[in-house]
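First, one chain by itself: the form predicted on its own, in structure tokens.
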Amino acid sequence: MLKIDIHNHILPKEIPDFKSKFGYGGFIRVHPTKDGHADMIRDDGKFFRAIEPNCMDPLVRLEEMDKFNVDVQVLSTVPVMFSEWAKPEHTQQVNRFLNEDIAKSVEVNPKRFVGLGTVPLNNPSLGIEELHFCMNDLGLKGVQLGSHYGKLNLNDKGLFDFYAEAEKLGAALLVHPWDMMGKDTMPDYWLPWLVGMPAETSRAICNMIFGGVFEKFPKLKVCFAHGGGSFPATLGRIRHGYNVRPDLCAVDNDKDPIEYLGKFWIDSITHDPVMLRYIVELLGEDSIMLGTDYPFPLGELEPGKLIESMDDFSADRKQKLLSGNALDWLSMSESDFQ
């Protein structure tokens, strides 16, 4: 079966000194260490993360894809690179650098890589401009979005023109959690990643449902990372809140949240066969796509293994999860990779 991983991250081997260019700091640099490894360090000297060659070198990435029989990766940047806190025109310049780098990787290996860009939604007009550049000039298939942009949530009416353009272009949108809520109050035990990220994804889904985004833009092609975060497990609570306090929940959209199941995609990263089975039954087998969060340790370390291990899934269902649904989301076909 064709295997398409829609959620993985890549970085350029070198990143410009944006601090010197823009006159203020906070940006990420890549500092090589040894044997192709590197450290991601903020330009104030604060360490962020160590990365291995597979995060930067497409050739290493291809070798590992072959090892796990992954035919295609849909590339997106590492969310810390969003730089949504910067001045919008500078955010766009950072995004443009990353987008052009991803496009180069796709150009060299068009049968193995598909690209998603990044857009400066801290200024929706610039976001629309960069979306058009990504899709019309670079040939990318869509863009990766954050779960929020500072105080701007994904239900903000200021984003509706962007959604209209994304819908018109048929852009695949991958919503990835970042700038996790509560991170400053739970510094221990990796809780921003274990607790904050799932909550951020649910925040994004709820904002788009309650904010009427899916109602107004029914053809919008949105996938939420990390198995939908905490949304699937708390849907009962969310619906109950909608039913008992419509004065608070149904302010912008009076439709039951359950009506939107099957109107968006989520990836398969659940690390749990019970949860994978649950999200397939909840959203439908046409709404789940293989995503691994490669090459990071919280991802699926053997891409596709969980889906392939599900003895009660038919071959047709596995095919949908491993590639068929991704092809629909990307508006592509198997022939594009042959």
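Note that the coordinates shown come from a computational prediction; the quantities given were computed from them, not determined experimentally. Numbering starts at 1 and follows the sequence shown.
If you look for the form predicted together with another copy of the chain, you will not find it shown, but the lines that follow are about it.
Between 216-224, 120-128, 150-158, 133-141, the stretch whose residues reach within 4.5 angstroms of another copy of the chain in the model of the complex through a non-hydrogen atom is 150-158.
Within this chain, residue 106 is remote from the site of another copy of the chain in the model of the complex, having no heavy atom within 4.5 Å. Although the partner is absent here, residue 295 is not a contact residue: none of its heavy atoms lies within 4.5 angstroms of another copy of the chain in the model of the complex. Within this chain, residue 66 is remote from the site of another copy of the chain in the model of the complex, having no heavy atom within 4.5 Å. None of the heavy atoms of residue 85 is located within 4.5 Å of another copy of the chain in the model of the complex. Not one of 21, 24 and 54 is positioned with any heavy atom within 4.5 Å of another copy of the chain in the model of the complex. Of the candidates 241, 79, 170, 110, 241 is the one whose heavy atoms come within 4.5 Å of another copy of the chain in the model of the complex; the others do not. Looking at 251-280, the residues that come within 4.5 Å of another copy of the chain in the model of the complex, counting any heavy atom, are 251, 252, 270, 271, 272, 274, 275, 278.
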